[in-house]
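Below you'll find only one chain, the form predicted on its own, shown as structure tokens.
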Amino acid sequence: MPPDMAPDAAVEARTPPAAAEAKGRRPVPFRGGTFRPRAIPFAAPLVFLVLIGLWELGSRSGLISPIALPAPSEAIAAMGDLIETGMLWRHLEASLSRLVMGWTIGTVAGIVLGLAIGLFSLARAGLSPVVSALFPIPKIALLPLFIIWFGIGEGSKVATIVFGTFFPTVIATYGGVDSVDRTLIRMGQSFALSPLSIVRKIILPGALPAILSGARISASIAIILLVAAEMIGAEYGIGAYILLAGSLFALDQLIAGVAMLSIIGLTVAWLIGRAERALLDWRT
């Protein structure tokens, strides 16, 4: 017991909440979760409904010109036509297969190289400058080169997504490794943990928040590159559908294509959020 704590205060500090209430004293609430975000399930749908409602109201009242921006109801009708004709699933299947393949390959390769740069001095000295030099290059500008290398088919589109998601993942991963508290690593060494155990039990969990944040960024980049690649050379896919709708000035179909991209982005963000809650529950 600290010397400046009175005996009654020490007993009160050890008294459980139920016993404190029984004695007429109010227990002090736990303050450790003050800055922990709370889940508010209906906030996001309500915001979306309000925005779409205002958009529809502005279109029907004439404040928004249908030539510049069609009403949401027209975009929903265009989406219904896609479902009836079966073209929605054709475009989604083509885009999702490219997105999943490219993002998975780029993310896995980026994590491996990022860990190598973060853990080994030789890899950091030799590869970190290469990553810094190639990362700022606009990846869509390399699509003609990928077409020469991999052909006009799926290979060039997947390669564009792989190349675009690889470098953000590398930077996020070795940045996460660098941010791990070195005191924890020295403590593991003092307990005679092997280097592999230190990596598995200390470095990887410590770097995981940065890796998952990098996955969010790389997923958004992958969607952008997917649309750009499909606009340049694809028969099916959301990007090809948006390009065709724009060339025909069918703005309702164009908005429907953009809505599909938004739904894909929301789904990816939800999946990564679920992964964060499952893998980072130790932070709570």
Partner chain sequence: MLAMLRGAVLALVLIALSPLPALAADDIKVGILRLTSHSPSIIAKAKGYFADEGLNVEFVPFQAAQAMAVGIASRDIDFGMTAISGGLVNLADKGAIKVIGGALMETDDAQGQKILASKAAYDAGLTTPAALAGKRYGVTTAGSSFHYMAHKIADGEGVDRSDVRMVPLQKVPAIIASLKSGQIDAWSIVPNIGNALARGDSVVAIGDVSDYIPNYQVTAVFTSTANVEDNPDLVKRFLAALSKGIDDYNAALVDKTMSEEDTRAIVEMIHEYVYADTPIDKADPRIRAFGMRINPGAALNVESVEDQLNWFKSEGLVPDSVTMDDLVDTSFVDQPS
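Positions refer to the first chain, counted from 1. The term rigid core refers to the maximal set of C-alpha atoms that superpose within 1.5 Å between the two forms. Because the structure is predicted, anything quoted here is derived from the model rather than measured.
From this point on, the text means the form predicted in complex with its partner chain, which you will not see here.
Contact residue in the model of the complex, from Val258, Leu243, Ile52, Ile221 (heavy atom within 4.5 Å of its partner chain): Contact check passes for Leu243.
Its partner chain: the contacting residue among Ala234, Ala215, Ile238, Leu254 in the model of the complex [heavy atom, 4.5 Å]: Only one option qualifies, and that one is Ala234.
Heavy atom contact within 4.5 Å of its partner chain in the model of the complex, the stretch among 112-120, 145-153, 169-177, 85-93: It is 145-153 that comes within 4.5 Å of the partner.
Ile67: touches its partner chain in the model of the complex, heavy atom cutoff 4.5 angstroms: Yes, Ile67 is a contact residue.
Residue contact check: Phe249 to its partner chain in the model of the complex, 4.5 Å heavy atom: Yes, Phe249 sits close enough to its partner chain in the model of the complex that at least one of its heavy atoms falls within 4.5 Å.
Partner contact for Leu57 in the model of the complex: its partner chain, 4.5 angstroms, heavy atom: Heavy-atom contact with its partner chain at 4.5 Å: absent for Leu57.
is_contact(Ala44, its partner chain) in the model of the complex, heavy atom dist at most 4.5 Å: Although its partner chain is absent here, Ala44 would stay clear of it in the model of the complex, with no heavy atoms inside 4.5 Å.
Rigid core superposed: Ile64 CA moves 2 Å or more between the shown form and the other one: Passes the 2 Å threshold, so yes.
Core-aligned C-alpha movement of Ile232 between the shown form and the other one, 2 Å or more: Result for Ile232: yes, a 2 Å-plus shift.
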